[in-house]
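Next comes just one chain, in structure tokens: the form predicted on its own.
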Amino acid sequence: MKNSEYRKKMADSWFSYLQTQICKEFEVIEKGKKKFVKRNWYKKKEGGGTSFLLSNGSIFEKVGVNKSTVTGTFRKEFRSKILGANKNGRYWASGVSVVAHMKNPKIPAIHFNTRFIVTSKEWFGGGIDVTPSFEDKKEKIFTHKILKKICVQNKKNYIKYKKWCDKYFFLPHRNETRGIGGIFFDYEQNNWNKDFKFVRDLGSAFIQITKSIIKKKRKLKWKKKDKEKQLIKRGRYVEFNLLYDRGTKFGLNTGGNTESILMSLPPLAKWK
């Protein structure tokens, strides 16, 4: 039990640190002209979280950086879907999630999250995926090269995680993928120290990938028709997050803060 509490504390501390670093780096990208607005929320006696939101920036049209640490009991009808929750439904969960929607339609939306969940089992999960409105093969190659490197360095199965991501971020009712993919993983529980290092490396890689993509594209010109295409693509993003996203369902089913959970939705979207 002592080891479990230590692991919880370590994971929780890392997620808090990572949230702070992401916000600092993104404010630098905005050249200090836009700042994150902080909002704390609480889940009665079962923890809470901190949400940072930056809106209407020169680069980020909307970016949310959420961190939460909560405890509680899963509803009976939800327990069978969660590893180790069948016994009594108790859980502890901590994690950080980021969704960045860009002002320039030539820059892709980027999503990242990592989490540590404890029931009668303990595991890490998370991933990174990129959703462009315009095809860019070099950008796709660059993103996957970085993610593959992180997986190889940590002796993780990149091919498996890439396929998992492609399968997960798929809209069956549209018969299309959400974007160019990335990696997705869950139930990492073989070696806590190694898995925790992988999660930390992935957090750092997210910052690296985002900064590199923005640096290459922040000065690209765009027209109204380009924005229209982006807004249609964002409609797909909304459909996925509300219909299929496990993080959204987990948050809503565990009594999380609704505003923070739905912060991933874009500020504007369109449907034909």
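Fair warning: this is a prediction, and the values are worked out from it, not measured in the lab. In this text, residue numbers run from 1 along the sequence as written.
In what follows, reference is made to the form predicted in complex with another copy of the chain, a form of this protein that is not presented.
Residue heavy atoms within 4.5 Å of another copy of the chain in the predicted bound form occur in exactly one stretch of 24 to 32, 39 to 47, 239 to 247, 206 to 214, and that stretch is 239 to 247.
Among the residues K163, K197, R75, R174, the one placing a heavy atom within 4.5 Å of another copy of the chain in the predicted bound form is R174.
In the predicted bound form, another copy of the chain stays beyond 4.5 Å of every heavy atom belonging to L220. Taking non-hydrogen atoms only, K233 never approaches another copy of the chain to within 4.5 angstroms in the predicted bound form. In the predicted bound form, T258 approaches another copy of the chain with a heavy atom inside 4.5 Å. Looking at K62, you'd find a heavy atom of it within 4.5 angstroms of another copy of the chain in the predicted bound form. Taking a 4.5 Å heavy atom cutoff to another copy of the chain in the predicted bound form, the contacting residues in 236 to 272 are V238, E239, L242, L243, L252, T258, E259, L262, L265, P266, P267, L268, A269, K270, W271, K272.
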